[in-house]
Every structure is written in C-alpha cells, then in structure tokens.
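Read the single chain below, which is given as structure tokens and is the form predicted alone.
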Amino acid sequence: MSTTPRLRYEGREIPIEEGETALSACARAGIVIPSSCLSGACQSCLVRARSGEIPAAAQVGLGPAKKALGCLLACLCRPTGALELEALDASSEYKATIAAVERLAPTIVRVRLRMDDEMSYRPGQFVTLLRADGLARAYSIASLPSEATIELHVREVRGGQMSGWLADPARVGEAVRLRGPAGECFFTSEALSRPLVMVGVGTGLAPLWGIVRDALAQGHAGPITLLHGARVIEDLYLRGPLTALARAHPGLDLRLCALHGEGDAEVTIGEIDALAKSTVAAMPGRASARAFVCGDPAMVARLKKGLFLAGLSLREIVGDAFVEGPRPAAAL
C-alpha cells in the first residue's frame, strides 16, 4: 500500500504534504470545512470518508455509529495513503436567526436563536454555530426544548472572532447555521432518584442551567447539588434565577464560589474544586451519585479527580470541557 498521502474532497484533488491534516490542506486549497478547537473536542470539522483508509487518530472520541458511517475529524486526519472525503449530509445543519443578545456579566452574553428549521436536542448538549463565512464555534445549549428559542451563553474573549461578533447587539436578525446537536452531557430518566452533582466554571454553567431544569421538569426525586464558580463575583451570572430556582425546590442545594473578591452569605471565596470535593465528601449516598462537570479542560480534569477522591464513581462523572477556538496572532 502506498505511503504517499493523497487527498480528494468532494471529487476534487487536494495537494497535501506528509503529516499535514486534511483540514489544513483543504484550507490551503480554499475549501472551508467548519472548525473550531482544532483538537477534535468540538467535532465541528466532522466529515465522511468515501474511500480509503481512515487514520485511527481521526476517529478518537467518536461513537460506534459515527465510526460505522465513516465519519472522521478533519483536524486530526493525517492521511498516509489515498483518502477521499465528503461533507456530511446537509440535513445535519439547521438554519437559525439571532433573535436577541443580552449581557449577563461584564464578559458574558446570552444569545438567543430562533430556529428556522426544527431541531431535536437534549438540554446540555452542544451545537456548532456557523457564520456565513464558515467560521464555526461550539456552544452548549442552556435552554429547554419547550422554549421558543435556543439559548447559548457566550464568554467574550479578547480577540475572539466569534465571541466578539456574537456579543454585538447589532447581530440581531443575522442568519446563522447550527450543526448538531452532539455530546452526552444531559439528564436521563435512569438517574431520577439518584443524587446529582453539577459543577460549572464560568460559562460551564450553560449546560447545567438546562440540565437542572430538565431534571426538575422530569420529576427528579433525589437531591441535587449545583456549584457555580467564577474568577470574580461579578462573573457569577444568573445568580438571581439560580437562587430563585433553589428556593422553589428545597432539594436543590446551590453553592456559589469566586476565586477573588469579598464573599458574602451566598458566595464562598476560594478554589471551586476544593469546595466541590469537600461538599461531595459530606454528601450522603454519594457513591450512587451522577455528576456533571463543565468548564475549561484543565479545571474539568481537576474536578473529575477531586470528585472521584471524594467518593464518586469515575464512570458516573460526565465531563464537558470547553476548548477555545484559535485566536488571531495579533490577539495573542
């Protein structure tokens, strides 16, 4: 078998260098494949192989069904022989319109999307949002299917191509596309009576805001512990709605934590992973608990380790790590 990489995309021959990814080669050829994290986490660059041998690394993290269909991640695909790729069926994309942009904190906005096409999803899953120019970023769904719009929580980062664009209220009325939904960070009825632990850092609250309301709507009978952490108190957004939800549901224990600032009766100052570990360690029935941890990859890894050491089963800890898209060189 030839070891010289050869790549075709939608019937077009694409020049590719040894060790280069299919995503990079297509970009050089002027072909836009939606992408975001460039590490395979967001699955924005999912494509399908028509023929050829798929490198094992290009399917890391994909489920059996997607592998069976020949799906792969273009950002991780480094062909070693002949490989022909095609875009996924357009039916996996949905049209939407930006309906509202609302600032929730100094660096966080809530973006509401009105769907032009019907899309089924579970609260807590994520979608890839695509602009007209092909720029793509993955965001968790914070809304419930019964709501009129899809709710996303976006952290505005310095030099962020998508976050800065979305944070502008002038974008209301703009057309976008959604790909997905994807991810396994959602509530299932199997956990109706089990303790739930939810820990979100920053906009890691977004999927948890959907999951906790979904669990309560389904009649979850077990205790729920929800911890939200941020760098400063001002970034503890949705504090009012979370407090109101906890008051309406005595089984919901809300804990807020900030790394810096002056604490009060509701906010603990310190590391959220330490607070999460001590909270869970004192929790009755923790061995049977299901946990969701969401935020940046390093924090998710620390939280999963801490919750495991506190007595949770590792296989019952669902992690959703938010990987930032690449920034322009001028912003680094």
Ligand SMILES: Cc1cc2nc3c(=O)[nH]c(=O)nc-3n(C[C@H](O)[C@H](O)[C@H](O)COP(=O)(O)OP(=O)(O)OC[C@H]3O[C@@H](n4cnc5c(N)ncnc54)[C@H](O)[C@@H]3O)c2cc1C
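Residues carry their position along the shown sequence, with the first being 1. Every value quoted in this text rests on a predicted model; they were computed, and no experiment measured them.
Not on display, but discussed next: the form predicted together with the ligand.
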item	value
Of L275, M283, A41, I31, the one that lies within 4.5 Å of the ligand in the model of the complex (heavy atoms)	A41
Of M119, L242, V176, M162, the one that lies within 4.5 Å of the ligand in the model of the complex (heavy atoms)	M162
Stretch in contact, per heavy atom within 4.5 angstroms of the ligand in the model of the complex, of 75-83, 210-218, 134-142, 96-104	134-142
Contact of V154 with the ligand in the model of the complex (heavy atom, 4.5 Å)	yes
Partner contact for F126 in the model of the complex: the ligand, 4.5 angstroms, heavy atom	yes
Partner contact for Y9 in the model of the complex: the ligand, 4.5 angstroms, heavy atom	no
Touches the ligand in the model of the complex: A321 (any heavy atom, 4.5 Å)	yes
Sequence-ordered residues of 272-299 touching the ligand in the model of the complex, heavy atom within 4.5 Å	none
